[in-house]
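The data below hold one chain only, encoded as structure tokens and taken in the form predicted alone.
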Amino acid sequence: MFAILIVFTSLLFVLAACGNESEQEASDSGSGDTESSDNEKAAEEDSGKPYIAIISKGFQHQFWQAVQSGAEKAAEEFNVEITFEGPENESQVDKQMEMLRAALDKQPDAIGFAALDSQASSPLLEEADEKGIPIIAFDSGVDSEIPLTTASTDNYAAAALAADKMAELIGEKGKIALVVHDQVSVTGAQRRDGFVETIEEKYPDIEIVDVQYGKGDHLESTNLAKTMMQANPDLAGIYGSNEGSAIGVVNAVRELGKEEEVTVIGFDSGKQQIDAIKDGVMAGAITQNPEGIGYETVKAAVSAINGEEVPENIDTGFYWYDQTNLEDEEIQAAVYE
């Protein structure tokens, strides 16, 4: 009996020792995670570089990848750290607000922001302002006094040029329609208003029969454009206000076999638009300077961090391109695939 008690007691000691060892390992493991996180944070702090959080309107289009490329070039040139992110598509306002919230929580030295919805972002922009974090708007301006500057295309003027080209190509008469990416962003409103108001003011024999909003989604824009052409068999032209809208219009024209009847004018660039221009399905388009937008956003943020004045607006320019000038050097520098 005494021998059995000795064996049992020894077994308890062994189990207790194993338990303590496991607890220690778990503790060590947890400590390691914390240490790793702390090391990452310390590494960021030790880099000594200002940190700029950039929130775009999306990642869906090649346009945004070109903007990111320009931002990264500027970050390297000005020796700053940046992060660049955006929602999966340009209808995800809530997702963009979550990203802006997370960026604020990281306490960056500056924020670059392209608003999907100016009104929805107002509370967070006010919080950034209260914390002294400079905001640089880009691409789509923000309907607010808080951003120090906006690096963007003059979208109203660019849309007005698109309207002039449409009028020229259809002989300044006939029915036309618009597929616009949205009506809540500044770019959506300006690219609609610049086009519509130019047509209404300068071309009395052109009738705008429909304006629809496809959220920049090419499938939804395709359906909208098909409905427009079916409702108006004599439609002379359709204007798509961004990459997704324009691709949708091109696809609709192809599906209905209207290549010889409907003049398509686009906005932005991308491989499918360039191919459509080469094929003659799209007459031409407005291209911005996306790399320039990204570059100027980071450059302005660095100036703001250093306490330097920045201009109220930074015009990054735009061009009309079609089959006649697609290979020109200045156009090739602005289009992207």
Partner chain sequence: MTTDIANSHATAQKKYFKGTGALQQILAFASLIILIIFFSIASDNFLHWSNIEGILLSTTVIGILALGTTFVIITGGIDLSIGTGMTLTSVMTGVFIVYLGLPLSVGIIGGILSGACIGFISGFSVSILRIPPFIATLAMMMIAEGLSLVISGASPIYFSDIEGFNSIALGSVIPGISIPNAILVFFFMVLIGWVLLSKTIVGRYTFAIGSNEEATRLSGINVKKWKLIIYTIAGCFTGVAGVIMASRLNSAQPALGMGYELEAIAAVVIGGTSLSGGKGSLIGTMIGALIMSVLTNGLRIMSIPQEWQTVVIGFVILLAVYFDMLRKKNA
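Remember, predicted model here, so these are calculated numbers, not experimental data. Positions refer to the first chain, counted from 1.
Absent from the display: the form predicted together with the partner chain. The rest refers to it.
- For the residues 217, 143, 207, 261, the 4.5 Å heavy atom test against the partner chain in the model of the complex is passed only by 217.
- By the 4.5 Å heavy atom rule, the three marked residues 88, 227 and 272 all count as contacting the partner chain in the model of the complex.
- Of the stretches 69-77, 121-129, 207-215, 98-106, only 207-215 has residues with a heavy atom within 4.5 Å of the partner chain in the model of the complex.
- At a distance threshold of 4.5 angstroms between non-hydrogen atoms, residue 198 is out of contact with the partner chain in the model of the complex.
- Taking the partner from the other structure, the partner chain in the model of the complex has no heavy atom within 4.5 Å of any heavy atom of residue 51.
- Within 4.5 Å of some heavy atom of the partner chain in the model of the complex lies at least one heavy atom of residue 62.
- Within this chain, residue 171 is remote from the site of the partner chain in the model of the complex, having no heavy atom within 4.5 Å.
- Annotation for 167-189: the only interface residue with the partner chain in the model of the complex is 183 [heavy atom within 4.5 Å].
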